[in-house]
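As structure tokens, one chain now follows by itself in the form predicted on its own.
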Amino acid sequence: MSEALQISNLHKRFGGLIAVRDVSFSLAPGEVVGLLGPNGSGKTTVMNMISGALPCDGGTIRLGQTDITKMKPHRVAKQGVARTFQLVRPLPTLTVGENVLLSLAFGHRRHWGREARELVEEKLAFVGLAGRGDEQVSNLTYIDQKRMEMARALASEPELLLLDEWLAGLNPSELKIGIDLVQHLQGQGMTVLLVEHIMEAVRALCSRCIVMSAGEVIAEGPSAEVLAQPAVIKAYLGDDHA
């Protein structure tokens, strides 16, 4: 079985700062993997390179059998990669349904007219927003904005979903809703790379973790084992805790 995502020796420099150094890892189809690390460790830079938002200075990124290393974001999306962000970025002049419908233009399958509208309703129902497509985005609570963003990502029918701190800012009850939704995606066989600081969510969702520090991978393996490693504790909490 081929890997859903294969990253080899990824490298990124900003002037004199090496943000990502020789990072390599892979995701199997249907796997939910946590990409962890303290602030400034390089994990969001890796996400930006996978999605095409930043060019790589070295290394390769393969989605299945396709080399997407040098592709622009719209071409990466057409290949089947979707992404959410820590801060929701809705188009405020459009309805909830129109926000989701717009993402179909960037997916890797074409849908038009009634078929497209039915797909939007399907994805809104999947995330818990059934029947709310005609509402204005300004009417949505924060968790419902997160749901809409997820529906927008899923409407492009991705092979790989990048969740960049999608659960950030949620209260405990909202966090449970968010975790349940990602678990629902797991049940559908979606491949997910999840950047997250909320360890409750990581333990609930990720069978495996990759931990970065100062631009390099310092640990990889089953979540419980990785999170207990002294090098990982040191990266997050310092020498005294390690």
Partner chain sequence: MTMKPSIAFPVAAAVLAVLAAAPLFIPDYWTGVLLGMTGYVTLATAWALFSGPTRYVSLATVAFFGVGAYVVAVLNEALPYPLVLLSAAGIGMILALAVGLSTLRLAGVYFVIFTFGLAELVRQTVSWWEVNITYTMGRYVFLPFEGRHIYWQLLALAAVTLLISWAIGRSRLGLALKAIGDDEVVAAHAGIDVTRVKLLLFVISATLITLVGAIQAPRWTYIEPSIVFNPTVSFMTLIMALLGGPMRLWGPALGAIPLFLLFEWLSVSFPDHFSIILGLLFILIVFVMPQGVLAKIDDIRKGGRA
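Remember, it's a predicted structure, so these values are computed and weren't measured experimentally. Positions refer to the first chain, counted from 1.
The same protein also has a form predicted together with its partner chain, omitted here; what follows describes it.
**Student:** Among 51-59, 206-214, 186-194, 34-42, mark the stretch whose residues have heavy atoms within 4.5 Å of its partner chain in the model of the complex.
**Tutor:** Partner-contacting stretch among the options: 51-59.
**Student:** Is P73 part of the interface with its partner chain in the model of the complex - any heavy atom within 4.5 Å?
**Tutor:** Yes.
**Student:** Taking its partner chain as it sits in the model of the complex, is R147 near enough to touch it, meaning that at least one heavy atom pair lies within 4.5 angstroms?
**Tutor:** The answer is no: R147 has no heavy atom within 4.5 Å of its partner chain.
**Student:** Would you check, heavy atoms only and a 4.5 Å threshold, whether L160 touches its partner chain in the model of the complex?
**Tutor:** Flag for L160 set to no.
**Student:** Consider A130 of the chain shown here, and say whether it contacts its partner chain in the model of the complex, taking contact as heavy atoms within 4.5 Å.
**Tutor:** No, A130 is distant from the partner.
**Student:** For the stretch 61-96, return the residues whose heavy atoms include at least one within 4.5 Å of its partner chain in the model of the complex, in the order they occur.
**Tutor:** Heavy-atom contacts to its partner chain in the model of the complex: P73, H74, A77, K78, R83, F85, R89, L91, P92, T93, L94, T95.
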